[in-house]
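First comes one chain, alone, set out as structure tokens in the form predicted on its own.
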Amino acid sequence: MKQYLTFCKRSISQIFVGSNLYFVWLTLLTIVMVIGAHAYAIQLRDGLAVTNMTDEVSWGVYIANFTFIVGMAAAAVMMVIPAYLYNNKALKEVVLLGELLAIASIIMCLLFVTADLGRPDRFWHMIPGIGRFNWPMSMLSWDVIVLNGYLLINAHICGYSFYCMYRGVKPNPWFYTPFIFLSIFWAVSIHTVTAFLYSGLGGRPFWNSAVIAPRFLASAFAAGPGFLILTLQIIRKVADFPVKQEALDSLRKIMTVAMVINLFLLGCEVFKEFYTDSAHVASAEYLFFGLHGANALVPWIWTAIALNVSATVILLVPYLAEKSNFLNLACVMAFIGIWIEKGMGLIIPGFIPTPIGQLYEYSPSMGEIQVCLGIWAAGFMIYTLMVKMVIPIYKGTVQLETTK
């Protein structure tokens, strides 16, 4: 126990040491978090009436961000599978950084869900024994299980791995390998269950599609690796950490395939909606072309399509994809494009028009935007601090032997 406490103490102490750029970054994140916390305090005091959500559009930018970030958490599996199943040594050296991203992402997901609750203090109604969990009837209860389970699995994998690395010993396979394979299954389940939350709502025909779950997974396996490509390059430069080019190339190839599949599935959805031209096409028509003068989301979705297509073209052309500047540009475009497509382009049009044909458009209020930015800043803060703690262990500058 004393050895473990020393490990925790020495790891945590690393976050208080760094360059001026590091502390400027933390200061900026803290400012954004404080602004977001202030906006949330107002919402907590006055209720969801201060947001632009209504009875007609009851899920807004909070759930849009939640949906996207669940994919970011699931994307860690795209490093785990090649690293452990196919023994990709380059990815195996940095796979735990992907697992840390999953931890930060799940925490952000839980924060966005909390922000969307008008009375988060009533969450106790779902606690088994005190309230009623409604499992297995409720898809929401399934989502609670898979999100919290995935958080615990990744926390165990990372914590145990870095503790063994600190001690200079190999992880015990019985405490490590089963959780690696469990995390692969669990990563797919968190996004699948989230997709089922939407596609299982019979009164929202825009979401009643069998390809919602595959679209979620494809977009997650594109945006997640794209974010990791950018992050690993920053870590390599700022922390002087040896991230091999082979690892970035592997993530690029995964991202390329996922982007193509994501565009294909989007095309399938568009064909299904517009070729049949049924009464249920109203939401898709509103999203892509506007409906009866309401067209707030039209610029959003076409911007997303333009970004995703451009990113895919860059990734498919080897001459461009192998140049770091173009690759980084493609990653940024894919990240933004998929955020729009899975957020504003999926959640909001599911409510417009209403089941009785009414049109109530939605755009986030300034308070909602501030809360969202605050949660994003919290996620970046958590990931930054975790990486700062483990990089010295990775590099061998913080080890058990140095305490003697």
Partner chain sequence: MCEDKENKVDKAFESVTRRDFIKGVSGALASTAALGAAMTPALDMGKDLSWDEFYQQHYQELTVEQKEKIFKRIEQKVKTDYGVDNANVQDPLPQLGVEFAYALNLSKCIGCRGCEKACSKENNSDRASGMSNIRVLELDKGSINLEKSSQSYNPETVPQEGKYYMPIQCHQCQNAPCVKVCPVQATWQEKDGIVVVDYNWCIGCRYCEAACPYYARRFNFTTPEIPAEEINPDMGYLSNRPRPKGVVEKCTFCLHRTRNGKYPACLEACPTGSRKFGNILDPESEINYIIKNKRVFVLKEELNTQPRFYYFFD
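Only a predicted model underlies this, so the values are computations on that prediction, with no experimental measurement involved. Positions refer to the first chain, counted from 1.
Below, we turn to the form predicted together with its partner chain, even though it does not appear here.
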Taking D46, M139 and L400 as a possible spot, do all three reach its partner chain in the predicted bound form with a heavy atom inside 4.5 Å? yes
Which of 191 to 199, 100 to 108, 263 to 271, 234 to 242 sits within 4.5 Å of its partner chain in the predicted bound form, heavy atom basis: 191 to 199
So in the predicted bound form, does any heavy atom of K388 sit within 4.5 Å of its partner chain? no
Considering non-hydrogen atoms and a 4.5 Å limit, does its partner chain approach E361 in the predicted bound form? no
Considering only heavy atoms, tell me if R122 and its partner chain come within 4.5 Å of each other in the predicted bound form. yes
Check N134 for me: does it contact its partner chain in the predicted bound form (non-hydrogen atoms, 4.5 angstroms)? yes
Out of G118, G168, P299, P173, which one falls within 4.5 Å of its partner chain in the predicted bound form, going by heavy atoms? G118
Determine the residues of 31 to 48 with a heavy atom within 4.5 Å of its partner chain in the predicted bound form and present them in sequence order; the list may be empty. M33, V34, A37, H38, Y40, A41, I42, L44, R45, D46, G47, L48
